[in-house]
Ligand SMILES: Cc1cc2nc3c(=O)[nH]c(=O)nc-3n(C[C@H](O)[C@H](O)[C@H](O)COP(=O)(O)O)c2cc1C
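Take a look at this single chain in structure tokens; it is the form predicted on its own.
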Amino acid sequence: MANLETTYLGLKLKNPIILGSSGLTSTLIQVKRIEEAGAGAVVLKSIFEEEILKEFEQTVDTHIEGHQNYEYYDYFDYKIKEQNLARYTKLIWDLKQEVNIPIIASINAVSNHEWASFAKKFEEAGADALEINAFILPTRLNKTSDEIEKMYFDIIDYVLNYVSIPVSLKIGPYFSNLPTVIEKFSKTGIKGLVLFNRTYNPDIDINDLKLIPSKIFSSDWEYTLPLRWIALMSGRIKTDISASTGIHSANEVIKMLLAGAKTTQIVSAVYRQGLSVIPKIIKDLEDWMDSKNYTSIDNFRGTLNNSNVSDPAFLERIQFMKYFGDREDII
């Protein structure tokens, strides 16, 4: 039988299936069920910088509006952060007593602010690793691409100075020179990169003429974006890569591993299909490996990345002309 064991961020996983950061990983009971379903690791629901800031603003509006004494602001700012931090660290501590799979804490940060000290608390609570979700949408016209990229490096530097557990960085594809940035990130001291985070996108209701949320869950065709960049970069950097977005079955898992990913993160598939999708993916992955006579994931990982394919230019092609140029059967 195929051996699905792998390593990620220096941690030993029984398989490459990670339940990604989401509401699914926010309680002890849920994580225990995820472990029972067979996942190799979990990334806890992120502690959001923006959520804490919003909670503080709401508290100011409700309780201390009109006060001129800034000690009120300092007190509630401190109290709200401490309450959120205490809940999160307790969850980590409880999980480390109850489950055996690696527990990866997660911070969703938009600044370096105080998140480095939060990360230290997560390490002290027993987290096996930390994932920084640091997507910064480049909407400010007064910020250059270099200035925006520097914000990422500042966050990384702050966190790495505080913790000794392995750190991964979850990013989006919106960089002016993505491969160069990925290579630079890989040299900062982080142990992993997650490609890519799924962002909130707005939609428009044309009947009520208002902005509404777009689809929350990913579709199985969305895997092709991270697939391309994992295949292009996995042979060029030594940092572990975890694939994220659009992974709904063993087929996508296999493709990501062939592209060079160490692990794959699933979320939408579990929301849509339930926890039973995890053992199904594992079984289908085992069956595929047996059919190809692969005894371990290392037998085939990265065999179709940029460094190993006979036509690496195929991964860089972005025009449709080669596919559609000679076709006359589509109209």
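Computed from a predicted model, the values in this text were never measured in an experiment. A residue's number is simply how far along the shown sequence it sits, counting from 1.
This next part talks about the form predicted in complex with the ligand, which is not shown.
Contact between Gly172 and the ligand in the predicted bound form is not found at the 4.5 Å heavy atom cutoff. Remark: Val267 counts among the residues lining the ligand in the predicted bound form, judged by a heavy atom distance of 4.5 Å or less.
Though the partner is left out of this view, Phe217 does reach within 4.5 Å of the ligand in the predicted bound form, counting heavy atoms only.
Taking non-hydrogen atoms only, Asn133 approaches the ligand to within 4.5 angstroms in the predicted bound form. Though the ligand is absent from this view, in the predicted bound form it lies within 4.5 Å of a heavy atom of just one residue from Ser234, Ser168, Ser242, Thr245, which is Thr245. Heavy atoms within 4.5 Å of the ligand in the predicted bound form map, among the stretches 193 to 201, 155 to 163, 94 to 102, 142 to 150, onto 193 to 201 alone. Residues Gly20, Ser21, Ser22, Gly23 are the members of 10 to 25 with a non-hydrogen atom no more than 4.5 angstroms from the ligand in the predicted bound form.
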